[in-house]
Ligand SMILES: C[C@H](O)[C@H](O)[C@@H](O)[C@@H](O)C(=O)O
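A single chain comes next, written as structure tokens; it is the form predicted alone.
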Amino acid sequence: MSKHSKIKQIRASVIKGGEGGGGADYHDQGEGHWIDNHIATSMGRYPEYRQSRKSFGINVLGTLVVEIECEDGTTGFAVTTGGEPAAYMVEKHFARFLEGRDPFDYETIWDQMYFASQYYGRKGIVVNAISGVDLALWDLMGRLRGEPVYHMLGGAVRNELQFYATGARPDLAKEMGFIGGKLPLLHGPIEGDEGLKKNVELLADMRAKCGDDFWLMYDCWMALDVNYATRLAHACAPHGLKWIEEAISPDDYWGYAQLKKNVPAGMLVTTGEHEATRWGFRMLMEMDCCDLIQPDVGWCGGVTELLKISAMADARGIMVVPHGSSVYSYHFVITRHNSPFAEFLMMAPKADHVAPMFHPQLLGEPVPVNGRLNVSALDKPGFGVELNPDVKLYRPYTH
């Protein structure tokens, strides 16, 4: 086999000016969007930060765009969160592990990025940056080979993806053909028994509107403690809560292990969107913290790392249902038996119609139709999307 074209340059950009409008940092939305409106968080103990997640800075990072260009001009790209700090790492640190290399040496590239940054990284924004580079590499490999990423991951194990919808209106999601609806929890522990009652009433209302055969879940976004999460789980059980998601701090493995013991039989405990790498997920699994893991492919280490995480979960009978991440997770989920469905984030401000998750940044981003997506929608080289030239990029650092 002939040698591949070598990597000529890697570039890291952000959206200029930090203006709202989504992209990979999908929390960066205008006023009145459901994703920002009085959702329980660990900052809820401070009244001034309770009404809006943007008030404490959920949208400060912005989107990171990584482009990797080969000597023959072929360019792969990916988007994730991380903004300027992540762009600095890519340009000033990680570039040395890519330029001049064969792009198919992704295992070595990943290993060198991770262990070279271990002294200041290991999780969070550093692994977000590594994830962006890794996803851009997979996009590039697919373009060089003229095939979609899912082909390179072993091919589809089913003909279509089916989705649940995350958003404020599961009742509308049911009408749109989704298999379930995940609600943001609106009231945290600081709001006491009255808040707990409101949380249960909202679920009961949605159950009445959706009927018994529709999944309903609660996304708690790290807002609760074990006691409150336990009380919430039991109070919601009569209304058929399928799972309680990311109820407590991602660092509190002991708390998750306890919560999993505490919840009613048959209710799932899920977490992992803010966990990273095989080592973080090994901890979740070995400590028996949850029934289902939810790595975000743009945050956990990219496809290269997600394959390792998924294999560990598969051996333990734990489902892997990635958090959000649009096309980057679709190409993965369609190839795994232990990822039987996918998440779709409802990016319409009122969660009343299907809109592309990373709009306006990506062109050609496939979206579910009647809650499903045929594998043929993924049949383009790489991840099958392009950067929108109308979204102006700014490259804050060069090397």
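Just count from 1 along the sequence shown to find any residue number. Not measured: the values here are computed from a predicted model.
Just so you know, the form predicted together with the ligand exists too; it's not on screen, but the next bit is about it.
S.K.: Check Y114, K123 and G298: does every one of them have a heavy atom within 4.5 Å of the ligand in the predicted bound form?
M.R.: Not a single residue of the candidate spot has a heavy atom within 4.5 Å of the ligand in the predicted bound form.
S.K.: Given that the partner is absent here, state which listed stretch (80-88, 127-135, 219-227, 192-200) has heavy atoms within 4.5 Å of the ligand in the predicted bound form.
M.R.: Correct option: 219-227.
S.K.: Scan E305, E275, E245, D139 and let me know which has any heavy atom within 4.5 Å of the ligand in the predicted bound form.
M.R.: None of the other options qualify; the answer is E245.
S.K.: I need to confirm a contact call. Of M43, L61, L373, L345, which residue comes within 4.5 Å of the ligand in the predicted bound form, counting heavy atoms only?
M.R.: Residue within 4.5 Å of the partner: L345.
S.K.: According to a 4.5 angstroms non-hydrogen atom cut-off, is H27 in contact with the ligand in the predicted bound form?
M.R.: Yes, contact at 4.5 Å.
S.K.: Should K54 be counted as a contact of the ligand in the predicted bound form, where contact means heavy atoms within 4.5 Å?
M.R.: Residue-level check for K54: no, no contact with the ligand.
S.K.: Is it the case that I39, even though its partner is missing from this view, gets within 4.5 Å of the ligand in the predicted bound form, heavy atoms only?
M.R.: Close contact exists here: in the predicted bound form, I39 approaches the ligand to within 4.5 Å, heavy atoms only.
S.K.: Would F341 sit within 4.5 Å of the ligand in the predicted bound form, counting heavy atoms only?
M.R.: F341 lies outside the contact set for the ligand.
S.K.: Taking the ligand as it sits in the predicted bound form, which residues of 166-190 have a non-hydrogen atom within 4.5 Å of it? Please list them.
M.R.: Heavy-atom contacts within 4.5 Å come from T166, K182, P184.
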